[in-house]
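Below you'll find only one chain, the form predicted alone, shown as structure tokens.
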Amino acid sequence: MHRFIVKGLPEAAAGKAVDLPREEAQHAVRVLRLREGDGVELIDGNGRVYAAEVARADRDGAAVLVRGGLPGREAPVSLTLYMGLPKAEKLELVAQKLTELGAAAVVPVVMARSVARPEGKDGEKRRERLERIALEAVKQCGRGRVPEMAAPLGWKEALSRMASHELMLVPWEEARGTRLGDVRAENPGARDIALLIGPEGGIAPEEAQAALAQGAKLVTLGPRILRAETAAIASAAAVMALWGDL
């Protein structure tokens, strides 16, 4: 099923005709070659998904007729990934996969062992690219909400924000004994979860201790050392399996 992002859809959109945004319309007409009557889905970016059909598709654009709302596809848990700032291509991979897994936000964090650093004037362009990647991932997986792709935060600011969540999880290669399943057994009803993953160089001991002092749960992901991007994706999948809808 082809899906299109149409922001600003009214909640009572059923029965209404809606013009697709210019870029989406061009894709529908020139690439997908959709015709009148073809079924599509509309995503409003705020959590709602609608069934629709093409009412018009020509050189001037495309319009669809909204048929009705579809069941929600957002996870029952709000997961925010705080990712020690990695190299650009790794952050792009994480942004894509965390969107598919249902995360609410991805927040890069400048940590002691971060190899990459904020890109100054190019930072906004990088963030816009991450947002485009998230948009495409939303359309691919059928979500209704586009996750936040935040600007990089410094460690202290990130730590303060993480502490505001209901539950803070910190997979760390030096952690021993406690696994994600153990934390789930103690916190089965958690619905607002922060997940901190270190950068390529890992989480420094002083950062782990600072997180612990803020109430974080230090957990192990097993005996093997995972790359930062692998740890982010695997941890998010595990959280969604334990608290979410996988």
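Computed from a predicted structure; not experimentally measured. A residue's number is simply how far along the shown sequence it sits, counting from 1.
Separately, the form predicted together with a further copy of the same chain exists; it is not shown, and the next lines address it.
Partner contact region in the predicted bound form: 217 to 225, out of 24 to 32, 217 to 225, 42 to 50, 55 to 63, criterion any non-hydrogen atom within 4.5 Å of a further copy of the same chain. Taking non-hydrogen atoms only, residue 72 approaches a further copy of the same chain to within 4.5 angstroms in the predicted bound form. In the predicted bound form, residue 67 stays away from a further copy of the same chain, with no heavy atom inside 4.5 Å. Contact between residue 234 and a further copy of the same chain in the predicted bound form is found at the 4.5 Å heavy atom cutoff. Though the partner is left out of this view, residue 242 does reach within 4.5 Å of a further copy of the same chain in the predicted bound form, counting heavy atoms only. Contact residues in stretch 34 to 50 (any heavy atom within 4.5 Å of a further copy of the same chain, taken in the predicted bound form) are absent; none meets the cut-off.
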